[in-house]
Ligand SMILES: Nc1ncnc2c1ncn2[C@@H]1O[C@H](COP(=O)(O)OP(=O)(O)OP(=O)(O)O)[C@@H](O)[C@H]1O
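The form predicted alone is given below as one chain in structure tokens.
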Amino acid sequence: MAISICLINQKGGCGKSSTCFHLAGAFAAAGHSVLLVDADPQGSLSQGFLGSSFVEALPASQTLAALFVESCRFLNHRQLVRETSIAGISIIPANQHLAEFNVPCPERTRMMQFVLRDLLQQQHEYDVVLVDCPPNLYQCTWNALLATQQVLIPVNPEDFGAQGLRAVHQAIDHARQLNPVLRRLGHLVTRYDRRLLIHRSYEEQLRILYPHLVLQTAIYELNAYKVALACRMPVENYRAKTPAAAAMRELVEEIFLRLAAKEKRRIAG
């Protein structure tokens, strides 16, 4: 059974898209087939793999927006999936066409809440599904919460980065009423600089507030991530022998360990 994870946070710039981008490379390098779903109208994840000009020129019918477009209702939505240049990684892209559908109060749109869930239920050939969400809790994020099994919450260890986490957890609790399998995978500390006292302090505070929900792996602010992205490659594919690539491999390992522990607890009752 595929692992499906959405990455959410209300705060922009906390590393959701970057984590999705590089994490996909680490999963693929470990032998897993990966489907990326870009649910952010900014389309950063799509542009990272396919290029800005190409992504921005895509019609709505060839992006995730097709799920919400009335005229595209009878299209074969499996055709939205595109191969990337990296073996083992496919993507459903997004661009500005998605913005008009990313409305507040998504619960009021009734069946539109489940269009991503319905799409992912058709994708049986992937081992891992990663959904990159916009920096809000509107329609796109809500769809992701109803379509996936796990929530990963990237948070940079600064005041603005940690704000709004209570609302994120409330949204997860709300989504579980419609998606009972949804679970918190945890908080991932991103853009971390251990030399900064403020970063160490916020990390410590986060671990006190959420003692079992903060992953041990932290994603440091390393130049290799940015250079690899500029080359349109996850850091694992750009330069595997770097601390940045090693951190992503550690993150994959910790995710599997956490999922195994959750399954063991579930079986034990």
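Everything numeric here is computed off the predicted structure, so don't read it as measured data. For every residue, the number given is its place in the sequence shown, counted from 1.
What comes next is about the form predicted in complex with this ligand, which does not appear here.
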property	result
Option touching this ligand, based on a heavy atom within 4.5 Å in the predicted complex, out of Ile219, Leu35, Ala228, Ala26	Ile219
Site test, Lys11, Ser18 and Arg191 vs this ligand in the predicted complex, non-hydrogen atom cutoff 4.5 Å	yes
Stretch in contact, per heavy atom within 4.5 angstroms of this ligand in the predicted complex, of 231-239, 207-215, 52-60, 36-44	36-44
Pro135: touches this ligand in the predicted complex, heavy atom cutoff 4.5 angstroms	yes
Stretch 233-265: residues contacting this ligand in the predicted complex, 4.5 Å heavy atom cut-off	none
